[in-house]
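Next up is one chain by itself, shown in structure tokens, the form predicted on its own.
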Amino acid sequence: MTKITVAKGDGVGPEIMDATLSILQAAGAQLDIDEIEIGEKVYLSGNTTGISPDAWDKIRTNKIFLKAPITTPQGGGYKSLNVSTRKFLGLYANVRPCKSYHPFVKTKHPVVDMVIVRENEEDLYAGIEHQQTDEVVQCLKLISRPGCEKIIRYAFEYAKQYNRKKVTCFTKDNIMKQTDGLFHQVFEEIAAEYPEIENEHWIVDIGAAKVADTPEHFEVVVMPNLYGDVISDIAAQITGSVGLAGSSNIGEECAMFEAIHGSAPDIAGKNIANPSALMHGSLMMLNHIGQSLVAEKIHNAWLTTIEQGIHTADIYDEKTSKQKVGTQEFAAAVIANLSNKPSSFEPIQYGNRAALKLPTYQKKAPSLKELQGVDLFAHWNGTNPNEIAEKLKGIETKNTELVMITNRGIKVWPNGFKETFCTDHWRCRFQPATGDTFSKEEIIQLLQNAENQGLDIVKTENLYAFDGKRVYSLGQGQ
């Protein structure tokens, strides 16, 4: 018997959770349910996190969390509980299988069977944003080596356990050479440890086009957080419906299982929602806790129900479906098929699945870190780069000089183009004047000189070399 935390959520959440739990119980899942309330009611009670401390305690104690969709109220400073849960609990791997069920579920891509493995904690989803000038805001994209190693190794271990022959990596490292470049570099390093598994890398834009056009090319696809969010929804939709896709969120201590769709308040309480996505999430949960035979029985019953043409409204088609049913009736049909296996689909055989056990991340030896300069970001309302350059030349110290100014990443001084549009946000790069080493005292002096000159410096970024390698970007056109 495994004790799990269950949240029925908002909108259609209670309906699809009740349907899912009825299937699990009928199939003989050994579960002890510990229910909590999260979501809209908790938010509107004045708790901007959407979850109480007691609920957190239950999730952390039980380790396994089955969650229905929730509603985050608009405005009011409410934080996404989905994002918070993944980060606070260290749920670094978001796993989303996407499979077509042709010809019983309408799709333009009858042969799709891919798994998206999405990094879940960092990237732009770190949510670190600032407005720096009247015209410019920034969002920090944070990619860490531990984050890359954990998610990429998980993708290869998943492929190994589920007999997948290929792992594909999506990044945009032709543009983001440091952040996405690190993800790609770590992918190459870890791929070398799994010579029995084919590996490949795609730039994310052409990779997304390939997913939309020829999804059968892919088996397991691993990528940073934002790309994974977008691509997984595309992959789910081209299989026929996002209402069929479940999701697992895996950490070293805890795991959360859910549907990938939202709470759909417009159809709440009408007994028409499809419980399949949450049910598939629960199958991933059963495999994770070692109850794979129960998961196998439910999955085969579900496939049998689908090929019998018993469909909810979201996938019902007059040409291929035989019976349109509601949420409860669909669950009852799955339960009625628990002793059956599909005839058109290949029956599922999970074997003895269990939670993947990955080695703990080991920190690497520190690199030799050398300060090579500083970027000062100035809020200045002029439009002529030569004018701000003159002001900036006036704050140089004895050992530093202004070497470049960019605007939104494009070099505008020296020798910029007059056609380049400039906002009020200027990146001003200072480096040693005579090849001397650069110190943080120089940065402090530059900032003091800027303050004395009335220049508004809104941000600084130190420029480093690690083990002699420059690890900061040049300006476009530099």
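Residue positions are given as counts along the sequence shown, with the first one as 1. Small disclaimer: the values here were computed from a predicted structure and weren't measured.
There is another form of this protein, the form predicted in complex with a small molecule, and it is not shown here; the text below is about that form.
- Contact between residue 348 and the small molecule in the predicted bound form is not found at the 4.5 Å heavy atom cutoff.
- Interface membership of residue 405, defined by any non-hydrogen atom within 4.5 Å of the small molecule in the predicted bound form, is ruled out.
- Not displayed here, the small molecule is approached by residue 70 to within 4.5 Å at the level of heavy atoms in the predicted bound form.
- With a 4.5 Å cutoff on heavy atoms, residue 119 does not count as touching the small molecule in the predicted bound form; it lies far away.
- With the partner omitted here, the residue from 243, 147, 281, 215 that has a non-hydrogen atom within 4.5 angstroms of the small molecule in the predicted bound form is 243.
- Taking 288, 153, 261, 311 one by one, only a single residue has any non-hydrogen atom within 4.5 Å of the small molecule in the predicted bound form, and it is 261.
- Only one listed stretch (263-271, 156-164, 379-387, 205-213) carries heavy atoms within 4.5 Å of the small molecule in the predicted bound form, and that stretch is 263-271.
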